[in-house]
Structure formats: C-alpha cells, structure tokens
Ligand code: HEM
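The data below hold one chain only, encoded as structure tokens and taken in the form predicted on its own.
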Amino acid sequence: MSTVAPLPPGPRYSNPLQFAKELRPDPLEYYRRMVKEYGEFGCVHTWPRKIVWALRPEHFRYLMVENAEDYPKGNAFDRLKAIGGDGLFFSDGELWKKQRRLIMPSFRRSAIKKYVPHMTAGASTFVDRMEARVGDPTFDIVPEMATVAMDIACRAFFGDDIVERANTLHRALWDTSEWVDHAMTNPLAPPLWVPTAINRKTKRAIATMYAGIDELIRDNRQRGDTDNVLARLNHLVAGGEMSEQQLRDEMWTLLNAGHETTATTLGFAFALLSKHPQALERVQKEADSLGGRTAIFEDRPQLGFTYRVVLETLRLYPPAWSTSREASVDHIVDGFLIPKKALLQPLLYQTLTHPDIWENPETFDPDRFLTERSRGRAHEAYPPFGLGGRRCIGEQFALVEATMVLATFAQRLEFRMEPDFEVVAGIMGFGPIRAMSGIEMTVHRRAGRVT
C-alpha cells in the first residue's frame, strides 16, 4: 500500500527527542501550528512510529466508528496500566468488550434515574458548604468542584458519603495523572518500578487510591447495598463473572473518570455564567421553576437551558483535548496512507472549535445546541466524550450530574468572578484541559430567590 499512497504531509524528526522537546511544553499549541502549516490531516514523521493527526468529523467517522476495530488503544496505553490496571479506560479486545457489557447496565437511563438523589444530595451538601463562605474574600473554587464531584461519584458508585476523604482521593488521582503526563510526553521516562522521585510519589498515590477503594468496597458489602454501581458489580464478583482485581480496576476507572470530567466542567461553567449574566439569569429562572424543592430526574426538560450550558462548556473546555489509537492495519484515507503501527492522534479540541463546523466557535452560546440549530451537524463534530464504541460509558451520568449541581446551586447562591480575572485554560502533557491558575470567585446569596 505504501507504494500506492504517500504518507500525509507533516514535520520530520530524525531525533525523537527533538519532537518530544517541541511537543511537551504545550501539545495544544504544537498541533495548532502543525495544522496551520500542513493541514487538517497530517503526520509527524518520527521514530519509533509515525503519528497521524486528524480533526475532520468525516475522518473520525471512518477511522473511529466505522473501522474502530482496526484502531485499538495499543502500546501507547499499555504502560499506563501500571496505575489503573485493566479497567475500561486502559483495556482492549475481548476483555474490554466483556467488561463494558457487564458495566453498561449501571449507566442506562433507568439506572441514572436512580442516581439523581445521590447527585442532588451531594450538590446540597456542596451548597451548604458554600453558603458558609458567603462574605469571604475571593477563593479558588476548583478544589471545591473536585470535592463535590468526588462526593457524588462515591455516593452513586459506592453508596458512601466521603466528603471528609474526598480531597485525599482527589490528590492521589492528581498525582497519578502527573505521572501519566510525564510518561506520555517523555520518550525516556523509565517504567514505574524504577525508583525515581516521580515514580515513588506515584506509587504512594496508587497505594492511597487503592486503599481508599478497598475501604469503600468493604463498607459497601457490609451494608449490603443493592442500588449503586458497586453493589451490582459485587453481585457479578459473587457469581464469578468478574474477579476481585478487575472490580478494583473498574472502580479506579469510574472514580477517576467519574469525578475529573464533572469537576473540570463545573468550574468552567460557573466561570462562564459569571461572565455572561443573561445566561446566568436563565439558569436561575429554571432553578426557580422547581419551586424550592429538590430536583428529580423528571425535571430535566424544564432544565433545558442549564443542560445546554453544560454541553457548551464541554465544547469550549473538553475534558479530553485528544486521545490516541494504534493502527493495526494499513488504511488509505483521502489518498494518504495511515501505516500499520502508526499512532492516530484525533484532535478533538480543534474539532470542537472549528469555524467550518461551529458558528462563532469562540463564543459562549448554549443555544447552539437547540434542535433547530443542530440539524445537519455531524454526530462526530461533538466528541468531548470520545467516539464510537469507546465513547465514555459515563457520558449521560456526567451530563445529568453537572446539570443537577448547577440547578441546585442556582436555587440559593451564585458565584461572581472579578471583572479583570481571566481564566487560563491549559493542559499538563496529555492530561485534560484545566484551569491552570485556578478560578478565583466570591459566593453570594441570591436576592429574591424562591424558597
């Protein structure tokens, strides 16, 4: 095939360390430059394997949906199993298919409906905590977003209220994510068993994380829970369909992915609403329509704008700016070769802000997701949760959760950001997009709120 089709255009590096040196400081900016110089479908020519980037929805559809079996996660993710084992995020092949089949019932619509009381309970605790800070000077709300998201994840997944332990678990997850960033962008990064400073720190974090998970599993079994994710998976373990280690790995994955996405989204959403008072008023009006009561699953239609705020926040600040796949066969796309063993780098963030796809892409406009404005937009044009069979299993959980937290908060309080404060979004290595300098805000009671 290589004699028939050329490789896509792109930069050439005889020394892979030079590529790593250019990529590591800011992968987002690196690929922006590459797209501008070489086009929307290109290739980094380097050793030990080529890296092909893409950002058009039609390319995503062909590569990650129609031919997803030809693009597993591959070797790029194998070394990361040192921190998360063989959970859904890292596994591939038949093991992944089996585990997804076993876990999927816990994330269907009927299951998510049962989790809403956990979401609103965690959100109410968060609001109580924030109300105690009314009158305080500005503070970074990002740690609070991590706490509420971790609390809700543990209530829904484990059946446990862990507010007091949330920060410890979040810190452990943050430390392991630093190692992932290091491992993914440094070709000379040693394996985890080598006792470097970052490896020792990471191993302590892993021990903390799994100790916390083991405690939550033990508590769940002692209570005899039946209505949360862990209870369902415990039933599978008891029936021999899942091993104890696989259970631990899956709960690590759910706890990690299940709180990081929501925490990041909530922080950016509150910042965007503070900068756009008309949007904030619409969210508050929807919250007031609840009449002061706790939101339930059936309230989603009357929280439609709040839900669209979540969608728009994820478009502007997607939790994953990219991912990685490994080609298991040769493919020709638009006359160019993607060779076997090449890494596929889908530039999800650039798709979500592409001017050919989104009108005024840098503008905060939740109503762009109204049905009448979404007609004709390719499904693959909105990939903040991934694409195809590997699309995040917890997508609907995260969307409903963030909506419920925003609505619960808006019933009583509002965050305000100083007019001159700018939220700086960025990434560490290949990690999620985060507020790099925090999000400094003050909290206020709402005037004239419905009680």
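We number the residues from 1 along the sequence you see. Just so you know, these numbers come straight off a predicted model, no measurement behind them.
Separately, the form predicted in complex with the ligand exists; it is not shown, and the next lines address it.
Contact label in the predicted bound form: Thr253 to the ligand, heavy atom within 4.5 Å: Contact with the ligand, yes.
Check Ile51 for me: does it contact the ligand in the predicted bound form (non-hydrogen atoms, 4.5 angstroms)? Ile51: no, not in contact with the ligand in the predicted bound form.
Flag Cys392 as yes or no: does it have a non-hydrogen atom within 4.5 angstroms of any non-hydrogen atom of the ligand in the predicted bound form? Cys392: yes, in contact with the ligand in the predicted bound form.
Taking heavy atoms only, is Phe157 within 4.5 angstroms of the ligand in the predicted bound form? It does: once the ligand is placed as it appears in the predicted bound form, Phe157 has a heavy atom within 4.5 Å of it.
Taking Thr261, Thr265 and Phe397 as a possible spot, do all three reach the ligand in the predicted bound form with a heavy atom inside 4.5 Å? All of them do, each having a heavy atom within 4.5 Å of the partner.
Would you kindly say which of Gly212, Gly85, Pro366, Pro319 lies with a heavy atom within 4.5 Å of the ligand in the predicted bound form? Selected option: Pro319.
Counting non-hydrogen atoms within 4.5 angstroms of the ligand in the predicted bound form, say which of Phe415, Tyr31, Phe385, Phe41 makes the cut. Selected option: Phe385.
Candidate stretches 267-275, 292-300, 217-225, 87-95 - the one whose heavy atoms come within 4.5 Å of the ligand in the predicted bound form: In the other structure, the partner sits against 87-95.
Residues within 4.5 Å of the ligand in the predicted bound form, restricted to 103-122 and counted by heavy atom: Just Phe107.
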